[in-house]
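Below you'll find only one chain, the form predicted alone, shown as structure tokens.
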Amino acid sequence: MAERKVTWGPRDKHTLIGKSIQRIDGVEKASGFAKYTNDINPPGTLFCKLLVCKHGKARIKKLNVEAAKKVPGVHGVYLFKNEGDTCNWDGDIVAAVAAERSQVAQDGVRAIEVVFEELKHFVDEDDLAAATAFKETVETDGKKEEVSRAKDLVDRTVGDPDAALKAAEVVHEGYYGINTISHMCLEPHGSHAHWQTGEGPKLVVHHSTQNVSGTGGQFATKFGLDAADVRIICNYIGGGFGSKFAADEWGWAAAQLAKETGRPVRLMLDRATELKTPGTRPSGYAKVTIGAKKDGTITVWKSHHWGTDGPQGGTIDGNQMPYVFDFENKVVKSTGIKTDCGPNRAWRAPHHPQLCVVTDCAIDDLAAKLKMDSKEVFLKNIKQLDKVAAQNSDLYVAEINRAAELMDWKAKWHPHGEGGKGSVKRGLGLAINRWGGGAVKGTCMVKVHPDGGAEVFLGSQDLGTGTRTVIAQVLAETFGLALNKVKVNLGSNAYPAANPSGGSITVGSVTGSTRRAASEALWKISDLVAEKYKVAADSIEAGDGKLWSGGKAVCTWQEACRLLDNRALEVMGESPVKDGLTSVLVGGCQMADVSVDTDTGIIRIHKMVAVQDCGTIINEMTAKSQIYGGVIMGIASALSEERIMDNTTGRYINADLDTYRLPRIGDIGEIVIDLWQPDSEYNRGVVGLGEPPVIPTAAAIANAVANATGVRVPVLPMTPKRVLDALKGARA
């Protein structure tokens, strides 16, 4: 075989890669043909309902399920907890009832006799003093001691912050915060499980998961099976955002109930439990002192931040503060608060949106105190990026300037508080982001049939981001075929083990392995063509359904594949490989144009500009879709989305689709996207884009509100009440 190199090739030669192509599974989803875990309903399926704790913290004094078992139509009860166990938050799952219909299962839940002993709870995530004062008794190595709910996690000093603060020409002190938000996947967490006899896997689980290849082993270990005996299927998933990597106790419950009853069992979390239990994004609050020279050069950063990730007692990562920037003199302290609230799970760009709010809002307020354009202050300090972001310093400058051009920043910007006459004020704000997005280990198999059919198999999953589509584009482009001439097989752990989908790793992982396998398959076929048609093997290219040499058609793709001698060609591809197909690290800038009604406290988004790099773009349409989705989620956490806990009862009081408020169409405004892809970016290789666009949105909006009104709304989301309270406080 002639020696070749795997590359993406010149961007101007592509017919599919880099183009805007609609999702190939769009019709299935729009028509209802696509089947999600919640749609799996073979004959005999039993349906589950859950009994959950409805206290902040409680011990189960009595738990009797015998009456539930006797309800007509109930076939099984699964206990997550037993008498004497402690429930650690409102929504902690106690039991599941499986029945012929969901209504009957609910009757079974009501028949369970359960008595809770309420325990002392703490759910006030932003009150550091109260958390410090709140004591609880813990037992370690047989010894009991009183401990606080607050625990210092990070305390680091770099340089000489005190001296730098004394020497600073301008100093700003501020308080900033962003509340906990919950995962709100359109498709709740859950599984459909059934056990088989005879040939094939023993346990088949349709599981709503971001980790098709990795979840089977978790079921196998739990039930004492070989991994080969468990089949995981997830053809479609209605969102995950970092929360669906595990089998989870409800997945195990579905499988156990299926085993005990001999029937298929479907267990999907209800909406309230979905909000309370499968994970939240930690809160973060901070007191910041920042000093600078009169020209805007920041010389010192001091911050103490705190918050909660629930029972673990963590908060946002102090080691990444200040976010993106790394000033010569700094002191950072962080304190975690242990609360009796639902646990933390990764939520799209873990910690980064919260860190961005604290950092970029403080810089914006410093700019206001300096009476400088905040854009100029960001640019002034772009050489003080942390070691990771510094690799992209020139890109940040270009992207900030491009965003300013798209926003018409120069014409619209004004000093803080000069947002116009009357009660409605208008302002601009900006924030920046960074993310890794590198590919991770994964494999695929490309199969070419003698009749010209081409397909790829990999145990990855499509979260709705267009994974099937980008894989198909790469496979079809490599073979010179139309998109509808290739087939993508994913969503099963029967296929070659592939990457989970999280951390923006998917597109690089799946397209890199597919390109490598497809390229090798093409080379093998090209060698056969070269031998038959007497052309140089390394001169052969694929395109328009044919193989070409020196600009002349040699044969059709089908004619070439017939040379496989009636045997399908199978080639494995791996990712990542350091061959230039994939890379790591992206940056971006977002700007917000908002107005604030100072009479009502209502914020209106007029325009969001998002300039984002992501290396080689496989599908421009799906890349932009990621940014649209990220910006919309950022708007949610800026304006309305938050978990509201009742300090008295310990209950999560807005765990429903009515009062856990997400944006409506009228809340969004215009979103302008610029995919920053000069040749230098295209030549870097593919980098993931799932996380970056959600990071700076809330901070940019918060800064725009401050620019409009001259008043910082310190804690997000900026509900009308918080806006009015901030304005009232500023006037007092």
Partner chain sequence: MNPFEYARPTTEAEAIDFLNDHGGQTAVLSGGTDLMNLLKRDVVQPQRVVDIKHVSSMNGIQRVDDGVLIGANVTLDQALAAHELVEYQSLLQVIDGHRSIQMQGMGTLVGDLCQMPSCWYFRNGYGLLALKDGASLVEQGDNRYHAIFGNSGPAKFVSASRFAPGFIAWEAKVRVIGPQPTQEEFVPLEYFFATPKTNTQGVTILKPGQLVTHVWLPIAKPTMKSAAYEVLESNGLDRPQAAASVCLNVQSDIVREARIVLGHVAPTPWIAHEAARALVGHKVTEDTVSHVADIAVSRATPLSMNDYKVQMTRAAVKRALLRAVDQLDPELV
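What you are looking at is a predicted structure, and each value in this text was computed from that prediction instead of being measured. Positions refer to the first chain, counted from 1.
Heads up, the form predicted together with its partner chain isn't pictured, but that's what we're talking about next.
With its partner chain omitted here, the record of contacts in the model of the complex names 649-657 of 451-459, 649-657, 386-394, 308-316, defined by a heavy atom within 4.5 Å. If you check its partner chain in the model of the complex, you find a heavy atom from every one of Gln106, Asp599 and Ile602 within 4.5 Å. With the partner removed from view, the residue among Val424, Leu79, Ala220, Met621 that has a non-hydrogen atom within 4.5 Å of its partner chain in the model of the complex turns out to be Val424.
Proximity to its partner chain in the model of the complex, defined as a heavy atom within 4.5 Å, holds among Asp667, Glu28, Glu681, Asp674 only for Asp667. At the 4.5 Å threshold, heavy atoms of Arg110 reach its partner chain in the model of the complex. Although the partner is absent from this view, Gly710 stays clear of its partner chain in the model of the complex, with no non-hydrogen atom inside 4.5 angstroms. Residue contact check for Ile644: one or more of its heavy atoms lie within 4.5 Å of its partner chain in the model of the complex. Residue contact check for Ser640: one or more of its heavy atoms lie within 4.5 Å of its partner chain in the model of the complex.
Residues from 703-724 that approach its partner chain in the model of the complex with a non-hydrogen atom closer than or equal to 4.5 Å are Thr719, Pro720, Lys721, Arg722, Leu724, in the order they occur in the chain.
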